[in-house]
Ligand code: AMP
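A single chain comes next, written as C-alpha cells; it is the form predicted alone.
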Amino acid sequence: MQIVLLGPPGSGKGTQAKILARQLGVPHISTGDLFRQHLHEGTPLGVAARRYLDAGTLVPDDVTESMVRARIQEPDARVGFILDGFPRNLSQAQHFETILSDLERALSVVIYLAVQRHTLMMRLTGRRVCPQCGALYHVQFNPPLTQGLCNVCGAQLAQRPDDREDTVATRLSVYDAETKPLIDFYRQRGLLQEIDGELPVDAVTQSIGGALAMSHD
C-alpha cells in the first residue's frame, strides 16, 4: 500500500500515520522528520536545505521532492509507505506523479481527514506543554490534574508559539491556499477517500481501514 495522508494542521494525520504504519508494516514518512534527518547527517540535500533555512527563506520544492524520492527507494519503503506532509501543493503533487512513474510505482489511495475549522482551532489552541519534562496536555481533552501545572513534575505549563490563536489561524489559511487544492486533484484521479476526522481516534482508524479495504479490492 502506497498511501498519502492529507488534512489540515490538527486533523490527526500524524497520529493516524503512526497507527497505520504499525498495522500495515510500512514506514511512516514525515517530511518534517526527513528534513531533520538530512540536516543532522549533513547530506548534500541537508546542506542545500540549510542554506535556505539559514537565509530565512522557504526550501524549494525540488529539494523536498529529492528527499522524498530518495526515501521511498530505501529497502523498507519498497513494500509501501505512508506519506504525511507531502505533497503540500499542486506543483509537488504533479512532480510526485512523475517520480512514481519513473520508479514504476503508483499511489494506492489518498486519505483525506476532513475536520471543521472551529474544531481545528479548539484542538490546536488548547494544547499545552511542560517546559521541564515535555509532557503534553490539552485544556479540554487531556487536562492536568491541577490547572496549569504538570502532573509529572509540577512545572507551570506553557503554550507553544505555534499554538497561539493568531499563528494557528495563519497556518490554516496557508493550508487552505496551498494544500486544499490537492483534494480535487486526487478526487479527479479517483484516489481520494474522505474520512470524518472529527470522530474519536479509534473510529477514524476504523474508517481508514474500511477505505483501504475498498481501494484494495
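Each residue number is its position in the shown sequence, starting from 1. Please read all numbers here as calculations on a predicted model, not as lab measurements. Each form is matched to the other, and the largest set of C-alpha atoms that superpose within 1.5 Å is called the rigid core.
What follows is about the form predicted together with the named molecule, which we do not show.
Across the options 147 to 155, 40 to 48, 186 to 194, 58 to 66, residues that bring heavy atoms within 4.5 Å of the named molecule in the predicted complex belong to 58 to 66. Every residue in the set F35, R88 and R160 has a non-hydrogen atom no more than 4.5 Å from the named molecule in the predicted complex. Taking the partner from the other structure, the named molecule in the predicted complex has a heavy atom within 4.5 Å of a heavy atom of R171. Although the partner is absent here, A70 sits far enough away that none of its heavy atoms falls within 4.5 Å of the named molecule in the predicted complex.
Annotation for 93 to 110: no interface residues with the named molecule in the predicted complex [heavy atom within 4.5 Å]. For I29, the Cα coordinates differ by under 2 angstroms between the shown form and the other one after the core has been superposed. Once both forms are fitted on their rigid core, the CA atom of A114 lies less than 2 Å apart between the shown form and the other one.
Once the rigid core is overlaid between the shown form and the other one, L136 counts among the residues whose Cα shifts by 2 Å or more. By 3 Å or more, the C-alpha separation between L53 and D84 shrinks in the predicted complex relative to the form shown here.
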